[in-house]
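Heads up, the chain below is alone and in the form predicted on its own; it's given as structure tokens.
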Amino acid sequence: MKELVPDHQGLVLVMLFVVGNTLVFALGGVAGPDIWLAFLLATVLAIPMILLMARVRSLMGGASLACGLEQLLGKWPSRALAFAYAGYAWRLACYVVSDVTNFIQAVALPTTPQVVTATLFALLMLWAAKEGVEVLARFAAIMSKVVFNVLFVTFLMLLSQVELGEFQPVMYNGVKPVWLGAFQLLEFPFLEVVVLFWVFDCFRSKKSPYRVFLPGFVAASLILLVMASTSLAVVGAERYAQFYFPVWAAVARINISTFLTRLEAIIGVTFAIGSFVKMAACLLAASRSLAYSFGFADYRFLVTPLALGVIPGSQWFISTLLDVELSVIKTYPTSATFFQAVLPVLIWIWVEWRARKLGRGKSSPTQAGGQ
């Protein structure tokens, strides 16, 4: 049975996935006062990859993910590819759970073992993944109103604390920090959206992948740009790079008539909601990909063991808050780049050749626009 997600719900799912567990971290901190340039550069560099992934999905027409991959790549290559991405998506789920548990322990529950909160989130994402992408997209559409309204109100309240002088002089340290910040943002979180390629089963039309992936990604990148730049302008460029959670520190400074204070908890709530959507999507992608790679018709029986495996996995990959910080601000190993950039480009090249051989590459201007 195909799982069909309306375009507007899919767009919101992409937005929450990108914002996800990234909101509170020092994104692009290496760029310093030029953080806004790093965000813009990373967005421009990421858009071709987003269009590339949308192009591959559009070439599948109305076919499901499994059928489309087999037609364009062949049976065994597509299954080997699915198996590889199942491992990548599961590892990413472990990273997200570790980010959340370390954040909660650092700011709210210092004496609570991380395994307790990891188990709670594992059970929640287990339920969400078993319900499928349709339910997850509807949940994202509902909760996005809470998340984005809270962020908008928070942004307005932070304006009184902003010091625009923190962004000057522009490019004082040269172009290198901007490029480093952009590459950090590409690896976390921009190109992690490749996981969603394996989440959506099918789309309403050939234009739907473009309507879902591109606007959702651009909107999410702008939200992160605004929140990161505002936080830097409040806490300062040097402290922004030093804090584990600069957005949290910036919101803690809100003090309106000694009445509205200590509002950083609302950022924690939005962080938890976004992280839940992202970890559930990662688990869903891992389960769906693994089931397809082994030839199973249904993926739901794999959700429980994979979700339970995330609990120890979140402790194995990242065990301390310092490891969380390094995973955010330090360039990922080549394995992440391989899954986020190299493999998608190779898949696109092969699919384009295969589609033209099958006579699909000439049919619509939408397809041509994705090249």
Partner chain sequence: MVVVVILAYAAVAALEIWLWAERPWQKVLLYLVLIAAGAVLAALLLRDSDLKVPEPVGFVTRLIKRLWEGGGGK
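Numbering follows the first chain given and starts at 1. All of these numbers come straight from a predicted model, not from anything done at the bench.
Unshown form predicted together with its partner chain; subsequent notes refer to it.
The single contact residue among Met49, Leu302, Ala63, Leu37, judged by any heavy atom lying within 4.5 Å of its partner chain in the model of the complex, is Leu302.
Checked against its partner chain in the model of the complex, the residues Phe197, Phe148, Tyr210, Phe183 give one hit for a heavy atom within 4.5 Å, which is Phe183. Just one listed stretch, out of 219-227, 74-82, 189-197, 292-300, contacts its partner chain in the model of the complex at the 4.5 Å heavy atom level, and that stretch is 292-300. For Leu308, a non-hydrogen atom is located within 4.5 Å of its partner chain in the model of the complex, even though that partner is not displayed.
Its partner chain is not shown here, but in the model of the complex it comes within 4.5 Å of a heavy atom of Val342. Contact annotation: Gly313 falls within 4.5 Å of its partner chain in the model of the complex, judged by heavy atom distances. Not displayed here, its partner chain is approached by Arg91 to within 4.5 Å at the level of heavy atoms in the model of the complex.
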